[in-house]
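Listed next as structure tokens is one chain, alone, in the form predicted alone.
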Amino acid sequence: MSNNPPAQDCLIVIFGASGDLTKRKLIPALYYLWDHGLAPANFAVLGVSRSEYSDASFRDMLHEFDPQAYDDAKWADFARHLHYHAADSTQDQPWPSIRDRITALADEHKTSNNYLFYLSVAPQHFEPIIQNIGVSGLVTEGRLFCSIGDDRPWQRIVVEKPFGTDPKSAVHLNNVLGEVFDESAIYRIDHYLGKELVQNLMVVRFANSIFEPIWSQHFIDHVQITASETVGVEGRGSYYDSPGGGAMRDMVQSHLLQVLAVMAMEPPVSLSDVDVRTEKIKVFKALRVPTFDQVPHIAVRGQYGPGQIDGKAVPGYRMEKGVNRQSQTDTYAAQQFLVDTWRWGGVPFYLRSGKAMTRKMTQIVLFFKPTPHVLFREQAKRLKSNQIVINIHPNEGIRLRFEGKVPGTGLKIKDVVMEFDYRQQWQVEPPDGYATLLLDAMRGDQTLFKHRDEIEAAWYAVQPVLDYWQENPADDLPNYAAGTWGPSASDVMMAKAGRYWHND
């Protein structure tokens, strides 16, 4: 992020390569990098999975999944970099053949011993695969501390979420990774941090003197971070209804707390990955852990029932395949967080995420405090708070909402909006988050990846809520209809604090 070095030659080994993520995100992202001249001069991809494919049939499967994502004239050249090896990487027996294939492809494509291992598998498979990588001898001892610009061979690992299901399991997984890889070689990926407007937050704050001085408890009343989806569980009912599922674990604990950290961090000493992550870690460590008794007042869970979205009937969550008919899983979660720092003391951050809601959006809203003296008393009750609205997805952009006088002889006040539209301003389509993050992993830049301290602190901040919900089953689920903005209890929580959710 600080100096944009080129991607380093490497062999990318994707475990779970026959799965949806590889077809839908990883290969299109690598194709984008290759097509835009951002891929390494020498690179190759080895997909490893139990499904039976040859190199040729693997390439055909990837192309046929979404042929419109690729230029047919260019695909053949790109596809030469794609290879496949059928094996169960969680077992010991196939690893000699996996290792042989990796080293042979490294020689063929001249990638040296630079390996980027990518775990695109179910979380229960993380540990055996990590241990097998370690036993294979592919991770070279003494070469774990390679920094940006270091031309020694390196081995790195990218780990998809979920990163644990509670603090204990997260710590255990961190320890398993640490037995094979140094922290500098571990890339815990969060595609939200690859989104253009999340990265743009740092520029907005630290490159503009009109924003940074007011970015604190002196001027801001509260902050809202919302990630709402119009879709339900989309056939993932059995996974979503598992102990590791639910909106709090799936979205709030991972994605939204990462956005909060970027939003709340102090200015780093530099834009190096170490300095940026140091400031983010401080935010995570400053998250106040709620007590058990506080949970009913600062957190709300919800589950969608039958409803309509865009005129189409949507079944309730409990009607989905693989979902328990008495399920207590939260498809909506909202929680108030406090960041106990000098800058943010007393400012609540409200994070919410839900499925089958009215609109699809990921958004940050800063609500400013009212003026210290209200001159326009007759209209004061109708005045809204000044706001900065940052749309992360879709319609990336930033809106500034304030009050202005309506032209005319009388004194009529109305809210005014100044808007920066990302696409309209720059006339470009932002790259997918995975393209950005894969490029950084090949560069050796960890800025947009999670440190183990962030992971563990985030779990501690939400675990009291999860424990409370586990011990106190809700008797009102489902408590919001598909196609709405979530349970009424969420609005009540905000109203008790004299606030309201921003749904625009």
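Just count from 1 along the sequence shown to find any residue number. Because the structure is predicted, anything quoted here is derived from the model rather than measured.
Another form exists, predicted together with ligand BG6; not displayed. Remarks below refer to it.
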{"query": "Contact stretch among 101-109, 417-425, 328-336, 250-258 - heavy atom within 4.5 Å of ligand BG6 in the model of the complex", "finding": "250-258"}
{"query": "In the model of the complex, the residue from K161, R359, R205, K285 that sits within 4.5 Å of ligand BG6 by heavy atoms", "finding": "K161"}
{"query": "Among the candidates K195, K280, H83, R156, the residue which, in the model of the complex, approaches ligand BG6 to within 4.5 Å (heavy atoms)", "finding": "K195"}
{"query": "4.5 Å heavy atom contact, K355 to ligand BG6 in the model of the complex", "finding": "yes"}
{"query": "E320: touches ligand BG6 in the model of the complex, heavy atom cutoff 4.5 angstroms", "finding": "no"}
{"query": "Contact flag, E229 vs ligand BG6 in the model of the complex, heavy atom cut 4.5 Å", "finding": "yes"}
{"query": "In the model of the complex, R236 touching ligand BG6 (heavy atom, 4.5 Å)", "finding": "yes"}
